[in-house]
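Form predicted on its own, single chain, as structure tokens, below.
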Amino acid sequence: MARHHRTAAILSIGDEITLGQKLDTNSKWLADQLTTLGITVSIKMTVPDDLAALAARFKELAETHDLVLSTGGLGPTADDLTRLALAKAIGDEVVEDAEALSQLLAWFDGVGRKMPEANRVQAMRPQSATCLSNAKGTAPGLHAVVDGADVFCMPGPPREMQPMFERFVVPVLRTDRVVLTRVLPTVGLGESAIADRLGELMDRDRNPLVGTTASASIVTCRIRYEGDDTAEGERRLDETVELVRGKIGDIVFADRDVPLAEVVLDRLRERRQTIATVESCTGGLVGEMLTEIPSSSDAYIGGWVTYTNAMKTSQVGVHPDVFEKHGAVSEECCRAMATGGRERSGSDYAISVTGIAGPGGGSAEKPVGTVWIGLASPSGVRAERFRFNGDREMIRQRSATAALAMLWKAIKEPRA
């Protein structure tokens, strides 16, 4: 009888993950995939390279979930314990898989190397498990049934794990539930202010459920429907999206998970306009955000990092009197930077950023986190003062995001 997969657990294995030495991106990717497939991820867990602890986690997660996915611990070294731990959880002996060994030998032959004897362990599996071939590396995956739950063990490198999941895991999954999601990324308000606006829409017993997550000054409103009817789910999601937009539509910049820089560049292309940047405290971070997007040169023509007063003068024409009278962190300097950047680049818009990112350099009048952001446009130039909290990197990230948000607000309406 085919098993249904309603709930899933994701297990990330390795000392380097539990110690914070390596970022776990696999669990996020897997959770996204499972949610799309209608399977609820109820727990994500990290476990060190410890045989007893890992075997215990396999056992307890299999007892409480329909599906367990693990990544990592399938290498050829002594601290790669996933095979042994899975066998211990099942109560199996470990045996050598002839086909897996043949594939390992072929892999090494294909790269012109003799297989080290240490890699032979990668062809081992619990007796009742099956090996999953790995087209991108040497570590076969594993599939076993533990206490009625499907357990899939996959390698840690994403380039190996992701194709294995798509080839071997997805075809096995069965669910009688529908999980549908929408996302509305926003900029300009914090989570608490958004929660105040949304009010009862964020009640935890609501379906669709409305929640928020914050990252680098972007707050994303996430809407999730769970049920058994796709058409009904889509209808409810549409209704909820409209209700949410009615409350916070002025700060929603997209209807999907997409960087603000990409939305800005798309809008500039539609308007056949361009942007240049003049940055001080952000050190080129606004330009970096823009150039991370493919084909950004269609709208972003370049910029300056004018970290010193002398560079502000020589590169974008800020008059030395501005520094004498107002200082580099001032409305007057910010406006002059934006104006000079637009004039010298020939762009339609120019963003300028000048501020105090810290940890030193602040004063009672201009504390750390004081940032001026300017925008020169066809209709004139304006500047706005911000006060950002956090460490140096956080202040720089928030400043760059606020600069892009200022531009987005200026161009979000169609060009007249």
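Residue numbers run from 1 along the displayed sequence. For clarity, every value in this text was computed on a predicted model and none was experimentally measured.
Here the subject shifts to the form predicted in complex with another copy of the chain, a form of this protein not shown in this document.
Could you tell me which one of 76, 227, 317, 327 places a heavy atom within 4.5 Å of another copy of the chain in the model of the complex? So the residue touching another copy of the chain in the model of the complex, by this definition, is 76.
Select from the listed residues 381, 37, 56, 45 the one whose heavy atoms reach within 4.5 Å of another copy of the chain in the model of the complex. Partner contact (heavy atom, 4.5 Å) among the options: 45.
Can you check 328 to 336, 231 to 239, 168 to 176, 290 to 298 and let me know which stretch has heavy atoms within 4.5 Å of another copy of the chain in the model of the complex? Selected stretch: 290 to 298.
Is it true that 49, 118 and 283 each have at least one non-hydrogen atom within 4.5 Å of another copy of the chain in the model of the complex? Affirmative, all three are within 4.5 Å.
Any chance residue 140 has a heavy atom within 4.5 Å of another copy of the chain in the model of the complex? Output for residue 140 is no: heavy atoms all beyond 4.5 Å of another copy of the chain.
Counting only non-hydrogen atoms and a 4.5 angstroms cut-off, does residue 249 reach another copy of the chain in the model of the complex? So residue 249 does not count as contacting another copy of the chain.
Heavy atom of residue 152 within 4.5 Å of another copy of the chain in the model of the complex: Because no heavy atom of residue 152 falls inside 4.5 Å of another copy of the chain in the model of the complex, the answer is no.
If you check in the model of the complex, is residue 41 within 4.5 Å of another copy of the chain, heavy atoms only? Result yes; residue 41 sits at the interface with another copy of the chain in the model of the complex.
Select from 257 to 279 the residues with a non-hydrogen atom within 4.5 Å of another copy of the chain in the model of the complex and write them out in sequence order. Counting only heavy atoms within 4.5 Å of another copy of the chain in the model of the complex, no residue of 257 to 279 makes contact.
Against the shown form, C-alpha atoms of residue 198 and residue 43 in the model of the complex: closer or farther, for a change of 3 Å or more? Farther, not closer.
Comparing against this form, do residue 213 and residue 43 have their CA atoms pulled together or pushed apart in the model of the complex? The difference is 3 Å or more. Farther apart, which means the C-alphas of residue 213 and residue 43 are at least 3 Å more distant in the model of the complex.
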